[in-house]
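What follows is a single chain, given as structure tokens, in the form predicted alone.
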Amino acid sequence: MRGDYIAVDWGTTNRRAYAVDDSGRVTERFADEKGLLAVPREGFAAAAEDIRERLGDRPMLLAGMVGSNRGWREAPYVPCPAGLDQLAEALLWVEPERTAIVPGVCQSGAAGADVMRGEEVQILGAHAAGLLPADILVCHPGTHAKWILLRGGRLEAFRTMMTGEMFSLLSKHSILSEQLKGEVAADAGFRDGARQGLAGADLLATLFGIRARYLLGESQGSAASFASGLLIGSDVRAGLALARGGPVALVGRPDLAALYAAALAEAGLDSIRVDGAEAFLAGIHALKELI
């Protein structure tokens, strides 16, 4: 694949598309809400052509949930350990030399069953661009946060936490919903929750304590920040089990990375932050160079 191309990060609820020149420079971009949930199975070909109508008729590399069993075509997972070479070899060509889907990564057996789609492009892309060293523990915050052990520039092992989804469920559908309506910030309440989560607090009981303090009129500051800190602190404690020592890389949305950086600071650890969009583009460009 030579010349200009299109890179698409196609998720469950959103898609982000970029027109990129042969050197890796973005010349045009757009984002919309035409994620998997908004496109019927038979509608992906037309949705892909819609991208080309907006960004030009050029080869296209797609990554993310578009390659899942609910997406356009299912791209089989590549097992860990995996690097860019393995992803490039396993590209699923929907249209030969024109449209390809990047496979996800999986692990099984004693390491525990786990899967990812999309995060692998960002992590390996960040390393390929020189933004991360070859050996480091990486956290990708999100609805399903990923903790990834990068060794020799390859994904060696990883672990998924349903942290973001749990907070969403609690804030929208639980008995705590009224208390969790506020904005989340890395404030004193967040740091208190993070410390408790890092210390191994009983998660279920501590969450109910938010409701109890409200009913008893006890001051608790921002309940939303405390609950987020508690969940993220618990997330960080479990994620650090993959590796200890040295800084942790945070790759993804800057706002979420800031919260995880605050929790890591409570654990006495420094962090390296890499913007997820920049990492994604670096990963797709590195894959394009291998095709």
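When you see a residue number, it is the position in the sequence shown, counting from 1. Here the structure is a predicted model, which is why all the values come from computation and not from measurement.
One more form of this protein, predicted together with a further copy of the same chain, exists but is not displayed; see below.
Is there a non-hydrogen atom of residue 85 within 4.5 angstroms of a non-hydrogen atom of a further copy of the same chain in the predicted bound form? Residue 85: no, not in contact with a further copy of the same chain in the predicted bound form.
Q.
Check residue 36 for me: does it contact a further copy of the same chain in the predicted bound form (non-hydrogen atoms, 4.5 angstroms)?
A. Outside the cut-off, so no.
Quiz item: Should residue 161 be counted as a contact of a further copy of the same chain in the predicted bound form, where contact means heavy atoms within 4.5 Å?
Solution: Yes - in the predicted bound form, heavy atoms of residue 161 and a further copy of the same chain come within 4.5 Å of each other.
Is there any non-hydrogen atom of residue 234 lying within 4.5 Å of a further copy of the same chain in the predicted bound form?
Output for residue 234 is yes: heavy atoms within 4.5 Å of a further copy of the same chain.
Q) Which among 246-254, 261-269, 62-70, 45-53 is in contact with a further copy of the same chain in the predicted bound form, heavy atoms within 4.5 angstroms? A) That would be stretch 62-70.
Please tell me which of 95, 89, 165, 183 lies within 4.5 Å of a further copy of the same chain in the predicted bound form, judged by heavy atoms.
Here the answer is residue option 165.
Exercise for review: Name the single residue among 111, 175, 134, 188 that comes within 4.5 Å of a further copy of the same chain in the predicted bound form, judging by heavy atoms.
Suggested key: For this set of options, the contacting one is 175.
Exercise. Within 4.5 Å of a further copy of the same chain in the predicted bound form, which residues of 203-240 have a heavy atom? Give them in sequence order, or say none.
Key: The stretch touches the partner through 203, 204, 205, 206, 207, 208, 209, 211, 212, 213, 215, 216, 218, 231, 234, 235, 238.
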